[in-house]
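A lone chain, given as structure tokens: the form predicted alone.
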């Protein structure tokens, strides 16, 4: 069994930002469409033609200011969001020399801001006399905090981890984005006057009665923090982890995990691909991903899949984990697998069913589950909030209020959120709903 090194020292960001002259030339290719489809395809509705036009005239600060009106985290999104599947996918230049590299242009502007002596900060408006507490400092919570401050609210964020950022700081490998980028953009939120309290367990430390006395509203952006596992019997010394545990360990060095040389990862999403890529970069001997459906059904960004593939990932489609085999020392020696067949249900969904008598075994000494997350219900139950049939917090679609009108909720704890940019858009929306409701009803106090 090998001991996983402290990865933060070994991983450097591999994303390369193009030069200013290259960026200006790339901006010059843009048609500057009046009815820009790229802006409509952006989850946060960034004025793409507008900021590119300013870049063409070398007004980088003006271009950055325009981006930050809708996306306060361009350094992060331009490194990890699937621009090729969003705004670049509908670029009218796609047929003629390839789409404009919108993500790379945003990254140039974000790095320009990070290197500036005076990083851009918007003017803070006069207070409207409302204060909001946010539980959770991931993309949705941070985006909501920015929008609330820019609408005149006082904001404090409570975060259970020792550092703010949620998936920014825990779930995105360092080869995709450096800590410096994250620190700068999360720090820019605090520079707006947002207060932050870390290392606080909201379920134990936050009393709803006192919150209602101190704030006008409470916003939950707690994500889906609990990793799912299959209900299988394990060896006494089973090295079974979740993808989230692996990625968090690599990012925060919170604990050292012992891994073997034959790793099996269950699941076909971004977490699965990121874990596979990271472990292969560390030198793990063999990493195999199994997925119960086919490639076209995998909920993964193409760029992340290709990175894992280039790193040496092996993948088995239409395969499910059925059991874990232990050796004489009660450690994992192999796994039991079954083949699946795909069938379409009446509502159009494709489901995987196991094939009879298709069992086979494969050598493995470590199993990693990356099969999704679920809601940690401690806080939800404490506040007695209603949940929907999917186990997420139920909200009023028009107001973002939960079954307790004082409490709002947004992000993946409410609905499926596939990208960081979409999470930012959810934060903006809930903040606008909160401001409107607080002004109409006078808040929760």
Partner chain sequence: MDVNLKIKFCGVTLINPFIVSQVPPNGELETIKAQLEAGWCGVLLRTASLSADPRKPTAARIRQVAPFYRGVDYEEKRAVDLGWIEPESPMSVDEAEAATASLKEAYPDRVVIGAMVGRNREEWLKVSRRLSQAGADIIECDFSISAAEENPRGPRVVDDLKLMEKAARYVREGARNTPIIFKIPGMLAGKEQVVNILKSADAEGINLFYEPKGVPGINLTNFVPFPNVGAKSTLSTMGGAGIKPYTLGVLAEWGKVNKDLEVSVLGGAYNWRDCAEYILMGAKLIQFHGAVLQRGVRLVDELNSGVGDYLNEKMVSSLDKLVGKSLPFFTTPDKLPRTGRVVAAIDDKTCIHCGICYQVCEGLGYHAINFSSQRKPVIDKKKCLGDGLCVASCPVFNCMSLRRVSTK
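Since the structure is predicted, the reported quantities are computational estimates derived from the model, not experimental observations. Numbering follows the first chain given and starts at 1.
Same protein, other form: the form predicted in complex with the partner chain, not shown, and the subject of what follows.
Every residue in the set 24, 33 and 58 has a non-hydrogen atom no more than 4.5 Å from the partner chain in the predicted complex. Put simply, residue 92 is close to the partner chain in the predicted complex: some heavy atom of it is within 4.5 Å.
For the chain shown alone, residue 37 is a contact residue for the partner chain in the predicted complex, at least one non-hydrogen atom being within 4.5 angstroms.
The shortest heavy atom separation between residue 28 and the partner chain in the predicted complex is within 4.5 Å.
Although the partner is absent from this view, residue 360 stays clear of the partner chain in the predicted complex, with no non-hydrogen atom inside 4.5 angstroms. Remark: of stretches 50-58, 388-396, 415-423, 373-381, the one touching the partner chain in the predicted complex is 50-58 (heavy atom within 4.5 Å).
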